[in-house]
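To begin, one chain is listed below as C-alpha cells, in the form predicted alone.
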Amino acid sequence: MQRRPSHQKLVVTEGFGANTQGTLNDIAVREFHDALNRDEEVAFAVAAIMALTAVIKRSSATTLMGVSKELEDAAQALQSCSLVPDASSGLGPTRRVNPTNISLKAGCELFLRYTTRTSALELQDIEKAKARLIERGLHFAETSTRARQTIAELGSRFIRSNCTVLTHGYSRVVLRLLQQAFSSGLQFSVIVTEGRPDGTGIIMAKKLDTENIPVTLVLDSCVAYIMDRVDMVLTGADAVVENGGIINKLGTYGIALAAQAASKPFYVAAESYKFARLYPLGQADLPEERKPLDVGPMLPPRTNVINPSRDYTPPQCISLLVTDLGVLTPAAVSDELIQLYV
C-alpha cells in the first residue's frame, strides 16, 4: 500500500488562486493533509474521501452537475498536491503524491461514483441534495476506515497454529490481520522480505516483534530458497484490477511464481477502495513509477539501472483475495467491480 513516511509532516505549498474552484481545491488539499497528520495509519485513499466530503460541505454550486464538476477538479488536485517535510525534520526537498498512485486514484473514482449515484439526484432542492451527498460521503469514509478490521477478522481464519507465513515488505492491512490472529491465541511465525529499495520489511519486522510475534527477515532474493519452509504467502496490494490480478510492491510477482512452483497458497489482503478499473496484460501496462535506488559508487557510468517500484501479479497466481466485501476468488473481482461502479 502506498504511504508517506510516518515521521513526515505535511504542509500545503500550492496556491490555487482566488477563484471559487481554486478555493475548493485548496480546501480539499488542506483537509487531505490534515487527515494524514491526524492519523499516520490512514491510507491516502481514505484521506482523499474525507477531503472530497469537505468539498461538498463547502460547495456553493447551484446544480448537482456543478457539484460533480467541483468534486472532479478537487480529486485531480489531490492527485497532484505536494507532500512537504516539516522544516524541523531535515528531510530535504519536496516529495509529491505521485500522480501514478493507483489506490488514491481508484479511491477518488469510487467515491465520486458512490456519492453521485444517490437518490439525492432526483431531488429538486439542491441543499437537500448536498446534505444527502454529504451523508453518503461520511458513510463511505466510515466504511472504508473499518475495512482493515473487517479484513483482519475474515483473514485471520486462514492462519493455522504453528504455521509459517511469508509476507512482502510492509502492509498495514496484513499487519492488522496477523495481529488479529495472534491475539486470538494462535501461535505462528512470520518471514518478512526486506522490501528493497526502501526497506519496508524492516518496519514490518519491528512492528511484529513489538507484538511478540516470532519474525525472521530475509533478503528479497532469498524467497525461493526459503519457500519450502513456508505454509502460506500473504501480501497486501496497491490495487486490485479488473481480472482479479493485483498491482503491488516490486517483487510480489516473483514471490507468487515461487509459491505457485512450490504449491503454496498465495493470499492477498486488500480493501475494496483499491479495486481499480484497470486491465493490465503485463508489466509494460503499469503506470511508470520509480523509487530512489542507491547502487553505490562502483557502478560503471554507462550502466543502465531498472528500478520500478511495483509489478503486476496475474490472477492465475493468486489463490484468494481477502477483502472487506468478503473472501473472493480472482474471477469474482470483476463482478464486485460492476457492483461498485455501476
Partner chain sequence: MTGFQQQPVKQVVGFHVEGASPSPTQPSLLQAAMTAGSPTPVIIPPTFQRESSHGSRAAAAPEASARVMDASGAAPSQAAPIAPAQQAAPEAAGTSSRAAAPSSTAPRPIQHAEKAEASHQGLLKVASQTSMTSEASMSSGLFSLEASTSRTPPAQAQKSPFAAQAGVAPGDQAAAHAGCHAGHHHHHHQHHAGSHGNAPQGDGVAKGPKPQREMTKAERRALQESQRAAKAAQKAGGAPAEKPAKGPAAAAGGGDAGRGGRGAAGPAEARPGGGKPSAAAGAGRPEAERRTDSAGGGSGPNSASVSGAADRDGGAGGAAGGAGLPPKKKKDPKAVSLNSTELFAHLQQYKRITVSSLLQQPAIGNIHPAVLQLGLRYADGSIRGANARCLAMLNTLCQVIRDYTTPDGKELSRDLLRHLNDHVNFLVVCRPLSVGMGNAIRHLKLRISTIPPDMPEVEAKELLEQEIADYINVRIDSADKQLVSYAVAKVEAHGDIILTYAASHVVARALVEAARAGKCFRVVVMDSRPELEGRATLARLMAAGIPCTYVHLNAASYIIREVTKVFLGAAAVLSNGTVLSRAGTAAVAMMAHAHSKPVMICCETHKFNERVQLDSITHNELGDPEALAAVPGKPEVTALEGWSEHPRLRLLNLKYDVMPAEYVTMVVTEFGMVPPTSVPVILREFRQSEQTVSGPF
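This one's a predicted model, so the numbers in the text were calculated from it and none came from an experiment. Positions refer to the first chain, counted from 1.
Omitted from view is the form predicted together with the partner chain, to which the following refers.
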Q: Check each of 281, 299, 65, 306 and return the one that places a heavy atom within 4.5 angstroms of the partner chain in the predicted complex.
A: 281
**Q.** Candidate from 277, 69, 30, 58 lying within 4.5 Å of the partner chain in the predicted complex - any heavy atom
**A.** 277
(Q) I'd like to know if residue 243 sits close to the partner chain in the predicted complex, meaning any non-hydrogen atom pair within 4.5 angstroms. (A) yes
**Q.** the partner chain contact at residue 319 in the predicted complex, heavy atom, 4.5 Å
**A.** no
**Q.** Contact flag, residue 34 vs the partner chain in the predicted complex, heavy atom cut 4.5 Å
**A.** no
Q.
Within 4.5 Å, heavy atoms only: does residue 334 come near the partner chain in the predicted complex?
A. yes
(Q) Within 4.5 angstroms, counting heavy atoms, which one of the listed stretches 256-264, 126-134, 185-193, 235-243 is next to the partner chain in the predicted complex? (A) 235-243
